[in-house]
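To begin, one chain is listed below as structure tokens, in the form predicted on its own.
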């Protein structure tokens, strides 16, 4: 209903509320068209206020009969908020980050963690398989960059013993080292006087926390050598030739005079494997759960401790086997023989993978570093040699020792320890994955008896020596890896963590058939075996089932299946296949190098036909 204005007034007639058009709500991404005072007010307006704003406002000179409830103060319209363009992030102080984005990673550090050989080109395969290979390469590159970036978080660094100007570090005694280090490190040097049951063989657990040793006269013991807490101590009343921890410190394998026995951490006998008799040396493969045994009869036996079955029993045909070690890189067992050769064995092969002629006399000791790159051997000819295991098997360096080394051991950082009589000599190199230098010994220590066993403690700068007088723990600065992986080998894990790790390790167990010289070759295709299998199948069936059958057009209706139409369709398909073959042949041909034209030569009209 319209109201009649007073005469003389310029106020337009009021409209009904229903006739007012409602304004469409503005989204946050839309720009404001008319920045009025009502639209610039923050927050959603009330319904009553919105209806009031839709009415036309009276001018100031209008006289109203009713009293206005609105204050007479002038309303200053608020300015609309301006949207800021997304720029560089600034801190509270207003300073801009000068190094925006992720920190760059050196290429050399990334190459250290990269496991893909980019020199080999991807094979010509289907699009789906090729896309999977490219995705795997991209994922490997991303993982290597992450590993290189997280290397900055490894705060611990390995250290070495450095003498003064002109001082020989080999003349520094263990007592001097103990006085110079802190109390916790000095407690790691100790001597166990056990002359009654010696000589001793020893073994450290994978975490480096527990030590097991066994004497020739039947004494077997296991202890936490850091806290000096004795776990078990028994006398088996039989000669102990070797001793090894299994996948955890809760199980212990002892090679006694006649059979192989398995004990727990309380000294209780759990198993007696009579098929493994007259054992001289033991080696445990942690990722395969295999216990390798070498016997006097010349047999190499693999025992799967997860199921309790013998996987393989190989006859080396080389007489008594008393020199054995494993390659931590590929889990290949290496045996030393009396004819001066070292043979490499896998449970999947009945013959050795390779044979290396190392010495003119019999081999006395063999050791392989943690990277699987170098092998150290000593023989009856008093020679100590370092070999390269990366396919060449050639000696890198050699040294003649006065008495010859009877025992060898590599540390995690590449230090080499050799036991010659009652003296232990240690040689150091340039670092991890580099061969040790045999020119000058790094450390020398004399014992109270002849050396019978050597092993470096994982993640500790300690060398355990078993000899005729007992056990000696030596301090060797720079021998161990300072940073450990808590998910793989955690020295501080609890009992519950050990149980969970054991379940995970069993689920990720590697089959024994995958042990080979080059583990990277497992992802490649055996082309020779594939062609031989295809040839045998062709001879057995009489035809090749992989060949593509000839094209047969489908019949059509309404007279389109005439003889001429079928022949035309067949010819069209044959021509298309011929074009594909021509394209492939042209793609495989080497591209011709264009001849360099002399400078200033004018273009010719025939250049358009040159490919």
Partner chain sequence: MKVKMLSRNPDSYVRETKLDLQRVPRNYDPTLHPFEVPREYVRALNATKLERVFAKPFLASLDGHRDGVSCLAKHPKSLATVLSGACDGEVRIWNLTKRKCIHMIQAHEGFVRGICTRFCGTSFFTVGDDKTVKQWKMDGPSFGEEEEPLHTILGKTVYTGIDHHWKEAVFATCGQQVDIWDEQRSSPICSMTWGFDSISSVKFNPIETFLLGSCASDRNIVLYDMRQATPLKKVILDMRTNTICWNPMEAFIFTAANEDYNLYTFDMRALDTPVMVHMDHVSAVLDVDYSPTGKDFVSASFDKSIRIFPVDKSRSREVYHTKRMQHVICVKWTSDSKYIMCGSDEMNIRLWKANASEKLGVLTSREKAATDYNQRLKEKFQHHPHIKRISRHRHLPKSIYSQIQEQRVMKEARRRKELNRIKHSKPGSVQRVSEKKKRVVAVVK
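Basically, rigid core = biggest C-alpha set you can superpose within 1.5 Å across the two forms. Positions refer to the first chain, counted from 1. In this text, all values refer to a predicted model and were calculated from it rather than measured experimentally.
What comes next is about the form predicted together with the partner chain, which is not displayed.
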### Query
Pick from 216-224, 349-357, 420-428, 170-178: which stretch has a heavy atom within 4.5 Å of the partner chain in the predicted bound form?
170-178
### Task
Using heavy atoms only and a 4.5 Å cut-off, determine which of 130, 520, 534, 271 is in contact with the partner chain in the predicted bound form.
520
#### Entry: Among the candidates 337, 281, 288, 407, the residue which, in the predicted bound form, approaches the partner chain to within 4.5 Å (heavy atoms)
288
### Query
Is there a non-hydrogen atom of residue 393 within 4.5 angstroms of a non-hydrogen atom of the partner chain in the predicted bound form?
no
### Query
Counting only non-hydrogen atoms and a 4.5 angstroms cut-off, does residue 242 reach the partner chain in the predicted bound form?
no
### Task
Look up in the predicted bound form whether residue 510 has a non-hydrogen atom within 4.5 angstroms of the partner chain, and give yes or no.
yes
### Query
Is the gap between residue 456 and the partner chain in the predicted bound form 4.5 Å or less for some heavy atom pair?
no
### Query
Do all of 156, 490 and 540 end up near the partner chain in the predicted bound form, with near meaning a heavy atom within 4.5 Å?
yes
### Query
From first to last in sequence, which residues of 337-366 have any non-hydrogen atom within 4.5 angstroms of the partner chain in the predicted bound form?
none
### Query
If we fit on the core, is the Cα of residue 439 displaced 2 Å or more between this form and the one not shown?
no
### Query
So with the core overlaid, does the Cα of residue 508 end up 2 Å or more away between this form and the one not shown?
no
### Task
Once the core is aligned, please say if the CA of residue 275 is shifted by at least 2 angstroms between this form and the one not shown.
no
